[in-house]
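In the form predicted on its own, a lone chain appears below as structure tokens.
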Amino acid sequence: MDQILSLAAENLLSPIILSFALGLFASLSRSELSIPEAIAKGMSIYLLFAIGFKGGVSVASHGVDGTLVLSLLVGVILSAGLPLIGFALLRVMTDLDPLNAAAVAAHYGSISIVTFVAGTSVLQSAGVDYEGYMVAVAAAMEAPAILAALWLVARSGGAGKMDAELWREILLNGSIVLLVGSFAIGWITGEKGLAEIDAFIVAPFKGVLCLFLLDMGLVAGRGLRGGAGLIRPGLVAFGVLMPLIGAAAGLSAGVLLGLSAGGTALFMVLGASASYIAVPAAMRVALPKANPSIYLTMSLGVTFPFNLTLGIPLYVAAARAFTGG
């Protein structure tokens, strides 16, 4: 418990978390502070490229083995299975109809790449190593949750669109293309490639992450203001409970796969996080009648702040305790 409290206190006072808190405060207090959309987009591109590239370099050094393949498979299974649990909980804990419950549940099977990046930053600060191929696992966990949500809607008698536009949104989503592509570049070029651009993707990384999370705080605050009447206590409780369930599933997966403490912690982060980029875009195509004010506020306004402030330190401490790392 002391380790968890110590890590949580250190995390809460880190520049990354305080930057998010500043953005959240500015938005909730209706400050005029804002970051131009083009700059926020540029920071997102930078972060995705940097984390993907470094993950590819790590795989080039480590090599492909059975654990990597099994990790990808387990990630896909988790992504498809967690929405089923989320849907059942939402139907019990809230008054959401099946369509909106499925849309919300899809976000909790997919992943938040920014939460993943924040998790890697916490691990690096704590001096905990992790498997670089967890970036590939993150990419693999985007799509299955969307397909699971469509199955839930169809099973409930609703109508979900499964057409070429949806498949394009799933497979060619910009964040996934960039993450997988930069991962491939890092894998191909290896340590030599990293040495060539080290000054660009290593040293500035945390500074850019701070500014990006400042913008995320602004966005989360706007979501909380806009969805205040829709997000009732049952949904808030779900937004905290579901990440813990996903983290427990990720912990089990990491331990069974024999991953390091860092790799297990990142599996927990992936299981606990909720998408606010890829899945909302897919839901607009597949389930246009679902209310985005609900699912976006849940993922970005409730679960994202919880994971960022308290969840990640808890996951790291649990992973270290269970793996002895």
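Because the structure is predicted, anything quoted here is derived from the model rather than measured. Counting begins at 1, following the sequence as shown.
Quick note: we don't show the form predicted together with another copy of the chain, though the next part is all about it.
- The partner is absent here; in the predicted bound form, the one residue of L68, A60, L257, L33 having a heavy atom within 4.5 Å of another copy of the chain is L33.
- The three residues L22, I185 and T189 all sit with a heavy atom within 4.5 Å of another copy of the chain in the predicted bound form.
- Although the partner is absent here, A199 sits close enough that one of its heavy atoms falls within 4.5 Å of another copy of the chain in the predicted bound form.
- Remark: G181 counts among the residues lining another copy of the chain in the predicted bound form, judged by a heavy atom distance of 4.5 Å or less.
- In the predicted bound form, another copy of the chain sits within 4.5 Å of a heavy atom belonging to V208.
- When contacts are judged by a 4.5 Å heavy atom cut-off, G81 does not count as touching another copy of the chain in the predicted bound form.
- Residues with any non-hydrogen atom within 4.5 angstroms of another copy of the chain in the predicted bound form fall in just one of 73 to 81, 235 to 243, 96 to 104, 190 to 198: 190 to 198.
- Contacts of stretch 303 to 318 with another copy of the chain in the predicted bound form, defined by any heavy atom lying within 4.5 Å, are made by none of its residues.
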